[in-house]
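The chain below stands alone and is given in structure tokens; this is the form predicted on its own.
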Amino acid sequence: MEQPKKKSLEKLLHMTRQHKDMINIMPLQTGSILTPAAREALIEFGDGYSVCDFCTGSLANIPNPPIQEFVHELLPQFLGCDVATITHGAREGIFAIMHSMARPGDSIIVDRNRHYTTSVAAERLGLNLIKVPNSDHPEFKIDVNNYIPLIEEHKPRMLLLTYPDGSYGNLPDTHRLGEIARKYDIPYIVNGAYSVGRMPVNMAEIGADFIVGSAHKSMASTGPAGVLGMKKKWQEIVLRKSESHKNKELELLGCTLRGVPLITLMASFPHVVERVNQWDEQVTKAQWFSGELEKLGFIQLGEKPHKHDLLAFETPMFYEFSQHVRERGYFLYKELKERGIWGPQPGMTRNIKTSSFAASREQLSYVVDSFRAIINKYS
């Protein structure tokens, strides 16, 4: 068998991240920056199945490290649910719910702003995906009352609401949809990939049957990792055990997180529990940041006043500049990187997404000044 080239192998030994020590405004990363405790745990538990030393067959019942206490006590309290477990991500949690509770040909009603993985999960299972429309440009808001006529027409197996969505950061009325779900007696899923761990969110108060979260987006952990909470009445369906291996949950294929994703989630958890209490400050900061960028000619999409750190903008000036420079759409990425800012994806100029979650007000002021300088440079 041909062996890998030595030069190629050497590259693997010296990999570094390009944006180390930069101001991070990328929505996918700002909620997942590790705490000091998580960074220490990452090194300590970096070897393969490192959390499994004291496993007797059930990952969620390992006492040392204290996975059992985390999964069965701390996590349900935090999510506001009866039963919780851990997954490889929000998408795996959603798929487990769908796979255990629906059959090919069933319908599921979702919001138009859903994450693509919701659609992929439904497609993989042969479900009919019924989409609740949004209000279109510029706010793209979801009115959950629009679920009602679709429920009456399609008699769905379940409802799903994305809270907030990953495109605009909109926060639809989860409580109202909970009332609707109870009235029609339909299981209700909240996709909280960008809320669980960033802001207060409680499944019981919402009136949902399920809540999923993304630990590598919003809970200060490495990935992939996720959390899944549910009402107790669904436990025997979604977390049912294998007939041949009595302590293994079928939907989770026996075990899920078996190393640093779980251990960093646990190490960061005390910090995450505390930081959700600062959410009002995060919203104020995001609204200020959005306002300052709009003064430069950015056009904020999504709800106003905005209530989440994820912000989407139309930036026609950058797109116009990109038509006349050698780097084309990559000029903005280059300019920001030179100024120590990591955020908008390379090649994106017509529309950009940012997050104010991990940056201080002073850092965001610097980001605003940098955007202003770029505009002045190319005008």
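Just so you know, these numbers come straight off a predicted model, no measurement behind them. The first residue of the sequence shown is number 1, and the count goes up from there.
The following text describes the form predicted together with another copy of the chain, which does not appear among the structures shown.
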With a cut-off of 4.5 Å between heavy atoms, is Glu281 one of the residues that contacts another copy of the chain in the model of the complex?
no
Interface membership of Glu44, another copy of the chain in the model of the complex, 4.5 Å heavy atom rule
yes
4.5 Å heavy atom contact, Tyr319 to another copy of the chain in the model of the complex
no
So, Gly259 and another copy of the chain: in the model of the complex, are they within 4.5 Å at any heavy atom pair?
yes
Any idea which of 145-153, 120-128, 167-175, 284-292 reaches within 4.5 Å of another copy of the chain in the model of the complex, heavy atoms considered?
120-128
Gly207, Asp209 and Ser360 each touching another copy of the chain in the model of the complex (heavy atom, 4.5 Å)
no
Let me know the one among Lys231, Lys307, Lys248, His72 whose heavy atoms come within 4.5 Å of another copy of the chain in the model of the complex, would you?
Lys248
Another copy of the chain: the contacting residue among Ile299, Leu296, Cys255, Ile237 in the model of the complex [heavy atom, 4.5 Å]:
Cys255
